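Taking the form predicted alone, here's one chain by itself in structure tokens.
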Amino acid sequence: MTRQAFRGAIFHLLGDPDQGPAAAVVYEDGGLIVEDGHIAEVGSFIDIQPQINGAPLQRVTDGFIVPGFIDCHVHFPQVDMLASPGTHLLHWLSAYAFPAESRFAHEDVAAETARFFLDQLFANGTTTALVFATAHKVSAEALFAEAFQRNMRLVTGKVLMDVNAPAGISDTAETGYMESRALIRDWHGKGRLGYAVTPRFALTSSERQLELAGRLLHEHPGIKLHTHLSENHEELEAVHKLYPDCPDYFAVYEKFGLATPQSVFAHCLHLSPSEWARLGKAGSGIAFCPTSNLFLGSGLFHLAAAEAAGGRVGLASDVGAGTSLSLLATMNEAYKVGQLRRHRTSAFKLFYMATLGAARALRLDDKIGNFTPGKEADFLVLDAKALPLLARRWSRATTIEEKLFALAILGDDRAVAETYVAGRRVHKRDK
């Protein structure tokens, strides 16, 4: 049995902060005890000190110990084409994303990129992610293998894409189904890994492929569905032409049994009131991708509409249309989207959408998302003095919420001093 203790300011959430102030828990002089990779105790240091029982104690100053960040939608094969300009989503995909993904037919490319990608997630404080690979089976295998070696909680799957895509990055309905089955058999439930059936979006999968995607969900209870929904107006028009029998975009996924509580839909920018209501009723998760939506000019996410419908919303970097793997930087842009929507987003809410809210969107909140005893010990040490401007603002903040807001708006990877996965330190910032 391994046991370790941490002392410092601790912040986590027990629920949605919009539902009441008691959801946000702060221990200004707190203690966290980790045992065999799980949370054993959390509370005021004076209360838990007798339970340390000689375990090694680490002191944290000038910041917060917070739960690990959870990225609800990110494309690992796109890290090499960040900051590629495009006129809109469909042009950007054809000009940059698809050519970049063609390289992942090569195992060595997939393996090297997976290592770099996970290193970067840890450096940015992301300890769990729902990840797009490519249509190549080896791309998902490389990411699974690297995450397993690091004991990371990660969900991914090979992309299903059999129409309207270049030959080098597409599959067929049958090969997509068989390769997905093999990946589920080999990786789902291994260590802390999970599988997501991953049709790119309705435009690049035939009816037969979407039908087989639904079959995979039915055959393997507990796996997830990960795809895009309603990101761009041109995309909506193309989907309507491709599926004229469906009244709207979300209906395409409903038609094939893909709208489930285990489904996560990225973007969701241009949904009708009916779509919002049905998505909420389905219990599906929603990935809010503000940096990507602003970069491509796709639109402004409507957080109030999503939550009014009962949607479970988590933040997502989306890279490479997104502009940073930092969920602190993503909080910054999410706040601005809310301002443009005339919907103020509190600091507590921003952190909620990167921790417990994201865990709820992925249906993983029984395992991660806060410091409830028994959950997996994924957490960060955030250093408010890492950036001079942040340190100056922090010194003048008078409340915990002001301090967290400063971290959300001014912070980035430099504010992540240490990252822990299952109680083991996997990143320490080089000062």
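A quick note: this is a predicted structure, and the numbers were derived from the prediction, not measured. We number the residues from 1 along the sequence you see.
Another form, the form predicted together with a small molecule, is not on view; read the next lines as being about it.
Examine Ala251 and determine whether its closest non-hydrogen atom to the small molecule in the model of the complex is within 4.5 angstroms. Close contact is absent here: in the model of the complex, Ala251 is far from the small molecule, nothing within 4.5 Å, heavy atoms only.
Taking the small molecule as it sits in the model of the complex, is His75 near enough to touch it, meaning that at least one heavy atom pair lies within 4.5 angstroms? His75 belongs to the contact set for the small molecule.
Against the small molecule in the model of the complex, would His228 count as a contact residue? Criterion: heavy atoms within 4.5 Å. Within the cut-off, so yes.
Decide whether Phe122 counts as a contact residue for the small molecule in the model of the complex under a heavy atom distance cut-off of 4.5 Å. So Phe122 does not count as contacting the small molecule.
If the criterion is a non-hydrogen atom within 4.5 angstroms, does every one of Arg200, His267 and Ser292 touch the small molecule in the model of the complex? Spot residues vs the small molecule: full contact, yes.
Would you point out which of 333 to 341, 200 to 208, 103 to 111, 183 to 191 contains residues with a non-hydrogen atom within 4.5 Å of the small molecule in the model of the complex? Selected stretch: 200 to 208.
Proximity to the small molecule in the model of the complex, single hit among Ala359, Ala196, Ala213, Leu89 (heavy atom within 4.5 Å): None of the others qualify; the residue that does is Leu89.
The unique member of Leu217, Ala282, Val138, Leu93 whose heavy atoms fall within 4.5 Å of the small molecule in the model of the complex: Flagged contact: Leu93.
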